[in-house]
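Just the one chain here, laid out as structure tokens, in the form predicted alone.
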């Protein structure tokens, strides 16, 4: 099966961008089914590469730009081995750190595939039909390549294209049937709920930023908004915070945060958790915190929601900046892919001006090394953050 592009629409592919948009397609030879491997050819007949065909705005997710490279089990093994070897070379796989992202989609040249490792369990998430159809072969490769892994759990029910005509899309174990439910990150332990938790069960992408927070936490009163599993809270406690308060609208998240605090520190008088709406908590709070973390869920998941998202970021940051004590530190984040770092920074600047606070940037944050960004695919840079010093 072959996809022929319109004139001049091959330029992005020649720059190694891994997506072919449907508007660039001139014609399709054959009748490929969704998820099938197709060849991509320029209007002048030059072969450009091959990838998974899909129905929607992205017509092909390119797996290779070498027209003669065969897309088979050996191909996927090479890519997964390369991803694993990079994590090992970077020192991310250690006894005190068995929680990491093994495959990060386009960043590891495997578009449509996410794999996180928690000790002896790999959690696989497919964002394309092509990866879904070969999930069992991928699971066997992961188990073979990553010697620590003995279980592979598939969690893609919420990430696969919902209109795709798939008979099987249920979550479940592809290999094994149980795994250790506790992961270790930089010597700290966390309960991982890949069965019912968000994403693959834990937000691995904030590991480096949690470590930075730990360095700033000593002798401070910390407020962790949108705490989810309490990752920032646990690091702040180890960093010597005087007090840590965790807030999330989900009672289940608060329960998980308290379990993680207890797992690392037992009964900890320095920690309290509140199941409450973030904006309401900020409006009503009486205590003067001198370190606040704002790590909300994505306010925008598509471009049509950008304006409302930016208003949300401005409003949230303004409330925190109005309430935070003098000579304090604010960690603030956006994980909305469609909100770029310049948009986010402008929203935070607007919030600071409205709050009438003097603010300096200490750090500009992004995702860690196991969430690499393909230099030809800037869309992969989704996590952005600022650490601010507030006079």
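Residue numbers count along the first chain shown, from 1. Just so it is clear, the structure is predicted and the values come from calculations on it, not from any experiment.
What comes next is about the form predicted in complex with S-adenosyl-L-homocysteine (SAH), which is not displayed.
- Residue in contact with S-adenosyl-L-homocysteine (SAH) in the predicted complex (any heavy atom within 4.5 Å), chosen from 234, 223, 227, 103: 227.
- Interface residue among 108, 214, 290, 248, judged by heavy atoms within 4.5 Å of S-adenosyl-L-homocysteine (SAH) in the predicted complex: 248.
- By the criterion of a heavy atom within 4.5 Å, residue 203 is counted among the residues contacting S-adenosyl-L-homocysteine (SAH) in the predicted complex.
- Contact between residue 160 and S-adenosyl-L-homocysteine (SAH) in the predicted complex is not found at the 4.5 Å heavy atom cutoff.
- Among heavy atoms of residue 277, some come within 4.5 Å of S-adenosyl-L-homocysteine (SAH) in the predicted complex.
- Contact between residue 271 and S-adenosyl-L-homocysteine (SAH) in the predicted complex is not found at the 4.5 Å heavy atom cutoff.
- Remark: of stretches 81 to 89, 171 to 179, 282 to 290, 206 to 214, the one touching S-adenosyl-L-homocysteine (SAH) in the predicted complex is 206 to 214 (heavy atom within 4.5 Å).
- For the partner-free chain shown, nothing in 345 to 362 comes within 4.5 angstroms of S-adenosyl-L-homocysteine (SAH) in the predicted complex, judged by any non-hydrogen atom.
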